[in-house]
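Here we start with a single chain on its own, the form predicted alone, put down as structure tokens.
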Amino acid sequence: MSDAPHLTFDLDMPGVSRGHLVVPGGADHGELLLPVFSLNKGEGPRLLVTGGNHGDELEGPIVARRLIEWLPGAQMCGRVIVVPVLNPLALEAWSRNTPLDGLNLNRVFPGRANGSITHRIADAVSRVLLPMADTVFDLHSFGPKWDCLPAATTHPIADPDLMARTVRMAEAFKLPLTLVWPHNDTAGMFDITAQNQGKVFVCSEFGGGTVGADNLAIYEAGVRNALIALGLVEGKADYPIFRHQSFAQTLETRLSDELKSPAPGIFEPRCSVLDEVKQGDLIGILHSMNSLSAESIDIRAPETSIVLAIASGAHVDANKVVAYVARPLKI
């Protein structure tokens, strides 16, 4: 095992700095260098922006690179650290998980210094970068197989003050959706590690499917809105237009709102994101691949709700999520 994780430059240096976060090598992979951008303008908010946590979600790295382009001419105070790609090995393979060890980076935080490469990436980020920030924006998307509302999300947080501050920060993105989203597998998630340290952490889910110019403009506007709310840049926030309409709601979802395929087959979506559905409305149909005589299976809304994400038409295994629904948040 090589030296401890470290930066190749001093974050406290005024102005723009560029360098790398050094992830130490191990038996499975040599030393890994993650490009890091920093703009330090003295007193003020301390923000960490990361992308590429999952290698098949390309919107985050693209928006992070756009941010680096215009931030030097716009930032007024504070410090912003940008890491466009947290997991370059997964990105190169266009994979959610790291190919070398098969691990999901967003399930191994805070990582281990003596673990496999995914654990060592998480350890380097947790030990070197996370202490430098008060607020974290982790830029995700639903990936290529989903249609999803652009959303700023958080999980339920036990501390009511941190929960309120986090929801307000998420709403400041002014994306079409602000979502409080419980997970049943939160162990090892980046946001849990940050929230345990009292930091405001917003995970943006920048849509899904095709990575196109129109959607990227919405995602970039959302990040800029959040920077304005933090006081890092000047300007007037705006609600981006999504699919020819201005839409902004704060919703919550439950584990029961994960609509799953009861059997393997081809999923056919029968509604779109933003659709309002009532109990029993058709969300999609599952078609058997093994028999033309077998009846297709309807997947229906459990109650009155809004469709926030739906899978593209594709083969799915049994018990795989094919749609998410949600309803207005009540605090």
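These numbers come from a predicted model, not from an experiment. Position 1 is the first residue in the sequence shown; the rest follow in order.
Not pictured, yet referred to below: the form predicted in complex with another copy of the chain.
Whether P150 contacts another copy of the chain in the model of the complex should be assessed with a 4.5 Å heavy atom distance threshold; does it?
No, no contact at 4.5 Å.
Proximity of G313 to another copy of the chain in the model of the complex, heavy atoms at 4.5 Å:
The answer is yes: G313 has a heavy atom within 4.5 Å of another copy of the chain.
Under a 4.5 Å heavy atom criterion, is N184 part of the interface with another copy of the chain in the model of the complex?
Output for N184 is no: heavy atoms all beyond 4.5 Å of another copy of the chain.
Quick one: is I68 in contact with another copy of the chain in the model of the complex, heavy atoms, 4.5 Å cut-off?
Contact with another copy of the chain, yes.
Select, from the options 22-30, 40-48, 299-307, 56-64, the stretch whose residues sit within 4.5 angstroms of another copy of the chain in the model of the complex by heavy atom distance.
In short, 56-64.
Another copy of the chain in the model of the complex reached by all of N196, V200 and E276, non-hydrogen atom within 4.5 Å:
None of them does, since no heavy atom lies within 4.5 Å of the partner.
P144, P99, G188, P72: which sits within 4.5 Å of another copy of the chain in the model of the complex by any heavy atom?
None of the others qualify; the residue that does is P144.
Members of 200-235 lying within 4.5 angstroms of another copy of the chain, judged by heavy atom, in the model of the complex:
Sequence-ordered list: G208, G209, T210, V211, G212, A213, D214, L216.
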